[in-house]
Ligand SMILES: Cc1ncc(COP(=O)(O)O)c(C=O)c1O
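One chain follows as structure tokens, the form predicted alone.
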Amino acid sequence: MESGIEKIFKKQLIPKGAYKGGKGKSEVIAKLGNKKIHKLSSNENILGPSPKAFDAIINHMGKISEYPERTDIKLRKALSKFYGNILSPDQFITSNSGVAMIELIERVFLNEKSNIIISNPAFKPYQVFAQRIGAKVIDIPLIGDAFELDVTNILKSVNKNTRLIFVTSPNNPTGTHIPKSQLDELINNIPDHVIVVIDEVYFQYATAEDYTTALPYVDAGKNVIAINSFSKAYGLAGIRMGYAYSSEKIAKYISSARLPFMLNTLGMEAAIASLEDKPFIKMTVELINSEKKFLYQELDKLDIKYWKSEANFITIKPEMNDKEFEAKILEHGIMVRPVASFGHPGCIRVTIGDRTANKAYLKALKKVLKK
């Protein structure tokens, strides 16, 4: 029985299975001591951030006693330039990370009478934030071992209360992508009151010929929002910077709900500098693609189940309990991420590192699996 202050608590703000971020390296070191740790659990950039981002942070340290710029126009202009001026600055929305953008989008479009469609396995916050609002979550699971988008059943599930359809490409946690033909079918057949949200935070790593970002759909005036982050390829996970782009009408509506002074000075300047450092992103992508091929070859030798990836991680399915696997490989200094909470039970997501980290991972993998 509830009593006292609990009577005014909103029960939906603490849904069952709330999303928990991955462990930090310091948390693990505190338990294991000073053992060498390779953090391959959060899909961060093994190279760190761009040197230009470092310089931008140092050069603006003297400004942290002052409030940041009143608006984010400087960053939005940089984003417009990055996209070849195909999109205007008014078509961008900025936020404190990609996950903050997910929360913002759901907050402005969902209520207790509306519903959102997701496709598991998927990033857990899509579901968690919607539940906090009280919206109904409709899960149309990805199909089969290839994790294909079930466009037919998604479209059948759309009703008058549907507001958002969340899709992810490349997908976290599977690493798979949605072919352009499937996105075409989905986006060209949704009613006017529905928005397709494409989470594309790993787009820099995608190499599939039929891969596409949301850009052509937004440029064509479709009801589409693209979510992006500076936490992955740009190596700014600790800065917490994200953005989205859409039509000017949608972007301005979402931006109206942003908090004042949402972006900090150092984050904005680091993000702008990162966008300008294209050679760094090229180096990052080349490293991941090279190491990905190396890991495929080694995983094939171990005869372990895995999925080829369009992102900077490879998900595996070891023949043992996922929590047990996580604990055992951590004893060898390797941090990985079980993804059962993402709708991918028994599987482990492992970030692609440099050759040193990857060799350490493979060595630990052999010991844990006794191969």
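The numbering used is simple: start at 1 and walk along the sequence shown. Remember, predicted model here, so these are calculated numbers, not experimental data.
Missing here is the form predicted in complex with this ligand; even so, the following discussion is about that form.
Here the marked residues 177, 180 and 223 all miss this ligand in the predicted complex; none has a heavy atom within 4.5 angstroms. A single residue from the set 245, 202, 234, 166 has any heavy atom within 4.5 angstroms of this ligand in the predicted complex; that residue is 202.
For the candidate set 258, 74, 136, 240, a heavy atom within 4.5 Å of this ligand in the predicted complex is found for exactly one residue, namely 240. Exactly one of the stretches 77-85, 119-127, 105-113, 214-222 approaches this ligand in the predicted complex with heavy atoms within 4.5 Å, and it is 119-127. At a distance threshold of 4.5 angstroms between non-hydrogen atoms, residue 99 is in contact with this ligand in the predicted complex.
This ligand is not shown here, and in the predicted complex it never comes within 4.5 Å of any heavy atom of residue 91.
Put simply, residue 284 is far from this ligand in the predicted complex: not one heavy atom of it is within 4.5 Å.
Contact check for residue 229: a non-hydrogen atom falls within 4.5 Å of this ligand in the predicted complex.
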